[in-house]
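First come two forms of one protein chain, each written alone as structure tokens, so that there is a structure 1 and a structure 2.
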Structure 1
């Protein structure tokens, strides 16, 4: 039998070929879970699944589209030959624009990917969890779910919505064995941050200075938080928005 804190569990981690999702997928595989790896690129999914060895199962899908979300859920269940025990809704992207000129299409895309896909994906897998009286759902939110940044209207609204979605789902399903929590990362070193830095939207050195720990986070650090929340160590935790930001949101100066 496989050893590890998640041995024998089937996990679906959306957006897991890069960044935080990859950090979570690697940590889950190390802990003995079978991991469905997803992003829009078939090639990236296959490469990442291979890296995870026997644990990895690749399924490409574009989660900004509801039909694709449903297909991913269907194929994931078929691939593991049963139910998904752990769902991590991680895929998400920012759109940066002044609120007065944020294109409606960008607003809608952000909501579709960062918020609606999390609802639909959860609906697709939670039926099996409720029937079994066992399951764990983790939404990857952001410190921007509670801390507003300029020019991130759609992103901040989607993550604030995700925090409330977490709490409502948690209280509805708490007595039926399904725990629902969110992780709210601060800045973490991923392509997401690299792209914004390359466009001059972010200054990584300034972000590190602004963070009480003096650095931004690493994807594997969020992976450890996701292992904890999915493990039996968190058996009495539901409806929690767990912040992992090196002290950013606790700091009130500048």
Structure 2
């Protein structure tokens, strides 16, 4: 790996104090980018920004609310004194329930956080990218954007929508210098997954057996994918959903 692939770039990574988002933030900082760190918790943002050193800039915001999305975009541009070069729309979470009893409020919350916030945030920063003729947008989707799981209706629908949002944005802005891609992770060893395993909701050994690589992923591995997509090595790639799931979705056996 060559250091400094993102040197001089300003990156905004939503939901970047834990899990996949943190893995991406760490990778970007290592590669020379200045990283806007975000979560709902001011304390978590400050802690993560300190870990990243001079590269980290903390801005807390609840991205399930459109006004907060717009505030984050506004404050991020002000913090870096210019435009955002790389936007990673990572914030999101599932609501697990049988489809017949999924509360409408949970469905709407999932859509607001996982899908609508990505649209609004992208609209807030892409103008500067288009004006400059350069920019990179990465949506963090999921293998559940194409592989349905039971009791994940809202999550699966939101990620399927995010995949299509990626492609539409990509073809609209390709000739104007802005690339739009998505990463679709499988199961990754995050605190969220660890907590579900501890509660007996998930069986990590079973997940590993189901994955052709024999293990689940690590946040830093998704970080490397995000570095690649944001770097000049991916300069001719747009409109792609890059799946990083250890072979899960390629393997039809359940």
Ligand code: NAD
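Numbering follows the first chain given and starts at 1. Treat the numbers as computed from the prediction; the structure is a model and nothing was measured. Superpose the two forms; the largest set of C-alphas matching within 1.5 Å is the rigid core.
The form predicted alone appears here as structure 2.
Once both forms are overlaid on the rigid core, the distance between the two CA positions of residue 41 between structures 1 and 2 is under 2 angstroms. With a cut-off of 2 Å and the rigid core superposed, residue 213 has a Cα displacement that falls short of the cut-off between structures 1 and 2.
With the core held fixed, residue 199 shows a CA shift of 2 Å or greater between structures 1 and 2.
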